[in-house]
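Only one chain is given next, in structure tokens, and it is the form predicted alone.
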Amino acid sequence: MGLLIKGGEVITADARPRCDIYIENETVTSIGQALDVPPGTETIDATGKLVFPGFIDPHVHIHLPFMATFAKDTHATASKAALIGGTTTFIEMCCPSRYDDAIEGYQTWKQKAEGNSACDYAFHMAVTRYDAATEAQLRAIVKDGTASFKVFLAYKDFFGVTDEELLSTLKLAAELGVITTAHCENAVLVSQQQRKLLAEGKTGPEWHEPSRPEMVEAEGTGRFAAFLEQTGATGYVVHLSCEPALRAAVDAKLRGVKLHVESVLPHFLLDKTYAERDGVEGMKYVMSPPLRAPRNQCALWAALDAGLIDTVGTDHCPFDTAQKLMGAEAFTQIPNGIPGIEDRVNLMYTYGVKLGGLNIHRFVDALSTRPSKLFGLFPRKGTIAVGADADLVVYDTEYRGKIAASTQHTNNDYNGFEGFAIEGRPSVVTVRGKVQVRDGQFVGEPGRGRMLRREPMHGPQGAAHAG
């Protein structure tokens, strides 16, 4: 049976028509006025509401062994939370440590997700070491449909790569046409500063940000750009948090480096004073790069509106209160991360579009269309068009509410955005034409999600460079 979404105002990255959408066999089959649809078609009345393409979170951690513990979500809990918040596809970081086998790690991540995700998903493959076996393993992973890498220029001796390993990874990425995402900090400077602060008895969460100040992120961003320039590879800075790092990225863009920039939800709305709260309340806000001085937020919002920041993700990584307390004696032992997969769309719509003047087409572009283009999902994802997957978000702009841990669906006992007001939320969310969410409740098929296999598309072996 088909599905008709009727009377809504359809918002894409470049258009805003008021029209109907007819869905059959998981895809959008027609768009227009007064569509002729078969008898028995289910109809959703979207009058007075916006209709967005399903949103894509390009940066999440669900299964994550890290700092002697595991992130709290499962693919079942995280995918339902994502859908309730309007995200219909996420790209998960597959992150075996440098002591693990890459292929075994990749298979583990795939097995954790398969049959358990309510929304569609893909992976970025972390390269945490580069030895004699790595090249063949990465070629096999790309052939399997995971056409993006991840490197860490932080977390030395666990996830982090050396400059030599970074160079080898980017040379291979350039050959294969694979985009490489990067956590950009200077691991040596961070490690040195951490030791200094701890030796001075500065152990609380308020010292996490001074241990990895803005300049180490700017240096990491500039170094990553230099390696991209040398190799001709295409890169993507994840979770950029501050103006100096932004300047390093923009400088690289201006000289022709194929570099794209992601910032994440917390850095737009939270600042370092949250991590300066006493005890575990401050520990809840420890993430890397850390929350920054408030002055950076103006720069991030302006760059987002101008398209200098390409995408907005979450770096969703929930650790509960007990796990955060593992760092009670030293900030270096606090598991890094904060949840956000459920709240990204509503908060960015409220504080960006509704209250901040962010162009609504740029909102759709940054949270849906551009991630789909950069990571090989467009046009089946990231837009509303005939032939595209019928991932749709019917959005109720009249809804008013507040974010609270007591009502969230993420598997965590706190919410870093507790008490934030929201003006709008999804009323209906579909995944390939199947209604999965109605009015803030999951009503769909728990295992509907599929792994999205992607082809390389950047550089000599791929299609034209995505802008």
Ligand code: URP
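All residue numbers refer to positions in the sequence shown, first residue = 1. Please read all numbers here as calculations on a predicted model, not as lab measurements.
We do not show the form predicted in complex with this ligand, though everything after this point is about it.
Engineer: Classify Asp310 as contacting or not contacting this ligand in the predicted bound form by the rule of any non-hydrogen atom within 4.5 angstroms, answering yes or no.
Structural biologist: Asp310 lies outside the contact set for this ligand.
Engineer: Taking any heavy atom pair closer than or equal to 4.5 Å as contact, tell me whether Phe66 reaches this ligand in the predicted bound form.
Structural biologist: Heavy-atom contact with this ligand at 4.5 Å: present for Phe66.
Engineer: Even though the partner isn't displayed, in the predicted bound form is Lys49 close enough to this ligand, meaning a heavy atom within 4.5 Å?
Structural biologist: Residue-level check for Lys49: no, no contact with this ligand.
Engineer: Should Phe149 be counted as a contact of this ligand in the predicted bound form, where contact means heavy atoms within 4.5 Å?
Structural biologist: Looking in the predicted bound form, residue contacts with this ligand do not include Phe149, since no heavy atom lies within 4.5 Å.
Engineer: For the three residues Tyr155, His183 and Gly337, verify that every one has a non-hydrogen atom within 4.5 Å of this ligand in the predicted bound form; reply yes or no.
Structural biologist: Looking in the predicted bound form, the three residues Tyr155, His183 and Gly337 all sit within 4.5 Å of this ligand (heavy atoms).
Engineer: When this ligand is placed as it is in the predicted bound form, which of 198-206, 315-323, 115-123, 81-89 ends up with heavy atoms within 4.5 Å of it?
Structural biologist: Partner-contacting stretch among the options: 315-323.
Engineer: Though this ligand is not shown, can you say which of Thr77, Thr383, Ser288, Gln297 has a heavy atom within 4.5 Å of it in the predicted bound form?
Structural biologist: Checking each option against this ligand in the predicted bound form, the one that comes within 4.5 Å is Ser288.
Engineer: By the heavy atom within 4.5 Å rule, which residue out of Lys72, Arg98, Lys258, His239 makes contact with this ligand in the predicted bound form?
Structural biologist: The residue in contact is His239.
Engineer: Counting only heavy atoms, which residues in 58-72 are within 4.5 Å of this ligand in the predicted bound form?
Structural biologist: Going through 58-72 in order - heavy atoms within 4.5 Å of this ligand in the predicted bound form - the hits are His59, His61, Phe66.
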